[in-house]
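Quick heads-up: it's one chain on its own, the form predicted on its own, in structure tokens.
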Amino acid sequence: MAFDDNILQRWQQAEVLLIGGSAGSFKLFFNIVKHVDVDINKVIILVMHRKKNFFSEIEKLFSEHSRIYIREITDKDALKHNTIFIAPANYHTLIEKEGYFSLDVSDPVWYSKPSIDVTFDSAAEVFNERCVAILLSGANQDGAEGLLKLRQAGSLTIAQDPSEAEMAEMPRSAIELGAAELVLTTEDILKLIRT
């Protein structure tokens, strides 16, 4: 797919790249991390559903294959460009207007903590058109409402093509809700990130 000038301009001007995913999304997360350029000039935030205490192995694996710095988010961490931040298990990750993260211990949303909806919703209030958000494979509807709020705020919103997702429910829910401005194949998601 050839991206039009409007999409390319919005991608290049975005300060933040948000990516949410659940069941079936690990391989694409891994490929995205591998393909991020060192000078991407964005804050990258990954929100993945996973089991408790599973982070250290993901961080280690991703770090071994990434060209930019990766870290698990801790409370009050400042957002930094050219860094991949991973939402920790057992907390919801919120983005504050002052440019830092805060962690929340409230109940799971869609049986998930971290919840993609919670992070996307907080980002919609902060970044508006300065954000690109991608929703990947997953077996529930987490992320769809948050993606809609981002789109309404002016962000570029993308859903993985459900026909390519191992679990189509999550991107399909976003599309049905009108939250996804673009529906991209795995190849096109990677192409955009390398642009």
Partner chain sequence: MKVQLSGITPEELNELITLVKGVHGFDFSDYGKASLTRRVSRIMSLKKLSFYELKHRIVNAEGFFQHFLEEVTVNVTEMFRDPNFYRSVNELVVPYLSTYQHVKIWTAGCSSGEEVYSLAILLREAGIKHKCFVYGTDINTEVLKEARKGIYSFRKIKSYAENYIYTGLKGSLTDHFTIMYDAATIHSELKQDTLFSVHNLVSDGVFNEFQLITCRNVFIYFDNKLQERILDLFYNSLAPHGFLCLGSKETIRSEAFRKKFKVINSKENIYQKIGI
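Positions refer to the first chain, counted from 1. In this text, all values refer to a predicted model and were calculated from it rather than measured experimentally.
Same protein, other form: the form predicted together with the partner chain, not shown, and the subject of what follows.
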Thinking of D161, E176 and L182 as one candidate spot, does the partner chain come within 4.5 Å of a heavy atom in every one of them in the model of the complex?
no
Specify the contacting stretch among 30-38, 129-137, 161-169, 143-151, defined as having any heavy atom within 4.5 Å of the partner chain in the model of the complex.
143-151
Is Y91 one of the residues lying within 4.5 Å of the partner chain in the model of the complex, judged by heavy atom distances?
yes
I'd like to know if W110 sits close to the partner chain in the model of the complex, meaning any non-hydrogen atom pair within 4.5 angstroms.
yes
Look up in the model of the complex whether I73 has a non-hydrogen atom within 4.5 angstroms of the partner chain, and give yes or no.
yes
